[in-house]
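Shown below, as structure tokens, is a lone chain in the form predicted alone; questions about how it binds or moves come after it.
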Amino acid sequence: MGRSVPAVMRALDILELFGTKEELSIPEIHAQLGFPRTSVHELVGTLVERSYLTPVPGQPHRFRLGVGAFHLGAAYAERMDLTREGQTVAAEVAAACDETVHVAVLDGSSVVYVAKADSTHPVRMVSAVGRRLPAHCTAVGLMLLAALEDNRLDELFPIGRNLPALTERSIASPEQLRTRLARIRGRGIAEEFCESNEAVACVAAPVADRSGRIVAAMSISVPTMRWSRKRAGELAELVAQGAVSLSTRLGHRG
């Protein structure tokens, strides 16, 4: 890790002070923390500009936590709910099909697995919570990318740039990726066959939060020795049901 940045440390100290005091003025922050009053004024101004603090109505020289702080806390709470509830639903889906089930979130152009339930079969997918993979190589990643706006896709996968591959079947170009995502949007289910692992096929469905935003995807991973078109259809229905169940647990009412 690099060295701490004093201005950032002071800004965080101010925010943490508001965790113990509902309202504060700049003189009170100065007295509590001992920072120069000019620095406090500049830091509070910046935090107000970014909505982490807000003036108290009718008292413009006093401040309290703003909506920016709420959004960060809500995002953290949502992720914790997703991990806990995702593990519960993943276990239920895995029990129904006896295959490995994952829940993953998008982080830039990668997916990160936040929950997992294993198959009891001796031959099964080997993975771990916290593992990161290129999104375009996985069913969960393709499902999540299909929910993005075109301008965000352009940022993550600029046209003309080759994409990293995990197997010979991995999507190789942004153009190929966009064609694939269009089909996924039309179906509402993502599949991949030996694109992230040469011996594994996957099917995935989207998970929405209380606002209707796609926040995760759930997948079922199957060794190719147990994969068939009939089995793929059965698992697609099961993972869709699991994704709806998890979405409901996260407050979605669609």
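Residue numbers run from 1 along the displayed sequence. We call the rigid core whatever largest set of C-alpha positions still superposes within 1.5 Å between the two forms. Keep in mind the model is a prediction, meaning the values are calculated, not measured.
Here the subject shifts to the form predicted in complex with the DNA, a form of this protein not shown in this document.
Checked against the DNA in the predicted complex, the candidates 64, 185, 37, 50 yield a single residue with a heavy atom inside 4.5 Å, and that residue is 37. If you check the DNA in the predicted complex, you find no heavy atom from any of 130, 161 and 165 within 4.5 Å. Proximity of residue 226 to the DNA in the predicted complex: non-hydrogen atoms within 4.5 Å are absent; the residue sits far from the partner.
In the predicted complex, at least one heavy atom of residue 41 sits within 4.5 Å of a heavy atom of the DNA. For residue 21, no non-hydrogen atom is located within 4.5 Å of the DNA in the predicted complex, even though that partner is not displayed.
Interface residue remark: residue 231 is not counted as part of the site for the DNA in the predicted complex, having no heavy atom within 4.5 Å.
Comment: 24-32 is the region of 186-194, 65-73, 208-216, 24-32 lying near the DNA in the predicted complex, near meaning a non-hydrogen atom within 4.5 Å. Contacts between stretch 3-28 and the DNA, counted in the predicted complex as any heavy atom lying within 4.5 Å, involve 3, 5, 6, 7, 10, 26, 27, listed in sequence order. Once both forms are overlaid on the rigid core, the distance between the two CA positions of residue 61 between this form and the one not shown is 2 angstroms or more. Once both forms are fitted on their core, a CA shift of 2 Å or more is seen for residue 14 between this form and the one not shown. Superposition of the core reveals a Cα shift of 2 Å or more for residue 25 between this form and the one not shown.
A change of 3 Å or more separates the two forms for residue 46 and residue 152: their C-alpha atoms lie farther apart in the predicted complex.
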